[in-house]
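In structure tokens, one chain follows: the form predicted alone.
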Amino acid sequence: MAKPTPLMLRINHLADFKPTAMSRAWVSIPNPNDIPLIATATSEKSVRVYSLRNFTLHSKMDKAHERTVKSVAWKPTTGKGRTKMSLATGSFDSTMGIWQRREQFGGEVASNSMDGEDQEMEITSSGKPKSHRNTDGSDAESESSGEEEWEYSIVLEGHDSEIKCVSYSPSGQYLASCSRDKSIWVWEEIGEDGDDEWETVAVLQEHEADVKCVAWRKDDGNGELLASGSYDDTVRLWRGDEDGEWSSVAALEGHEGTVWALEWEPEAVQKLFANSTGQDDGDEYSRPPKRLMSSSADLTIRVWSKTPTPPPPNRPSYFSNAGIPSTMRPGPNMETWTCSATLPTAHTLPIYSISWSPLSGRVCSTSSDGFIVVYEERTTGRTSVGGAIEREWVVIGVLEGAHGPYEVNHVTWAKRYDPGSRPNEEMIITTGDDGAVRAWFITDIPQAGVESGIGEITIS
């Protein structure tokens, strides 16, 4: 048995989002556009959007899907133009839905600065602040309000079975979906903003079992990269070429169970380590490729890094893909990825979800064992003069029974907007089989607590 490791953090309950779903809740995804909202997919065939300001219901989307809504994704906004908020939903009915907020944000959900704190304020079409209080004086907003605020604009069909996950690319250009039918579909919105015109640009079918999750990496100069995890125990990476042909560029093998979740290394974390090692010259394209993290039913969380590949051999000037049918062109340049780290084992059952914080660089995980575990990556120095700087992962916080006897299906870091929070303070949000969505804040464990045996866990 490994020596008990002292924990640095205590995970404390902050709030439950109200009202709670009456059946299983699957995932909760924070809005990526600095709007204090979070969307939760539920077995009630609906999506609940909660306020991160007061932990109450903001709006609701239902009456569209015929079965459980398993996944939800916000569309990232790029540029400064006015645009509608948009959500994609993936359902066990094998369809995806695209939802849009009828009122354009920028005038819909505003972030005000008052005494150094972010204040959420909704603005109605008349320009007046919108109340969040019911007639009985409570803070919860009426559940029926969502029907007036969100429009079910289009349904995307193609999968033959349950959709497990949907994910927008960082640019917002592509939308990926994966399914129990072993396929991944890549969609592109080709219409002008609000025109609701989509086309399928790729159907990827190299996995040998259900595809559980998909996750995008930002364009590193070679296009956006899509990762997928499957019940076949593998992770695959996919990229489109200059002619719009999509193919697998890497297969990551090593897990001995279903790959449940994927997370790309946040850009801020990548830059932080590059600065600490003197490898950052200010050009994001000159940094090492972002690492990929995966969690599995084999109780491991692995970190994958790309191995540098030699440049392609010189080819005659007359050799060109131009004008050559896609079936006759040479295959894509395959990439080599290796497992560069395995996080300490702290879970006793399959690890359903992981989240890599863009603020602190910490990772949190949840499992069917009901635990929340927080990890931190540290540098340990060089093993030789001029050698690479070594890193290690350690467990710094554990909470058991986060949702009582129920399984915890999803975990994510989110920025805090509630009163009393500090600028850029983050929290952990979990989503469980009990239908509850819970917010947690972290505090340091006093040294005296560690000496008395409080805050210790045996890890391997």
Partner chain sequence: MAFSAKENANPTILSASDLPSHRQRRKVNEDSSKQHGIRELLMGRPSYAIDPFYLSDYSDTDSDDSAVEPIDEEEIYDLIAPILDPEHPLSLESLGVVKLQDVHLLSPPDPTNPAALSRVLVELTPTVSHCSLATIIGLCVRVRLDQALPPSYRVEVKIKKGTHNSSEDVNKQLADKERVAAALENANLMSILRNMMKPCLET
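Values in this document were obtained by computation on a predicted structure and should not be read as measured data. Residue numbers count along the first chain shown, from 1.
There is also a form predicted together with its partner chain; it is not shown, and the following applies to it.
Contact with its partner chain in the model of the complex, judged as any non-hydrogen atom within 4.5 angstroms, is confined among 400-408, 418-426, 47-55, 28-36 to 400-408. Interface residue remark: residue 70 is counted as part of the site for its partner chain in the model of the complex, having a heavy atom within 4.5 Å.
Within this chain, residue 162 lines the site of its partner chain in the model of the complex, having a heavy atom no more than 4.5 Å away. When contacts are judged by a 4.5 Å heavy atom cut-off, residue 187 does not count as touching its partner chain in the model of the complex.
At a distance threshold of 4.5 angstroms between non-hydrogen atoms, residue 251 is out of contact with its partner chain in the model of the complex.
For the options 270, 305, 300, 368, the residue carrying a heavy atom within 4.5 angstroms of its partner chain in the model of the complex is 368. The partner is absent here, but in the model of the complex a heavy atom of 210, alone among 224, 377, 151, 210, sits within 4.5 Å of its partner chain. Contacts to its partner chain in the model of the complex (heavy atom within 4.5 Å) from stretch 424-442: 433, 438, 440.
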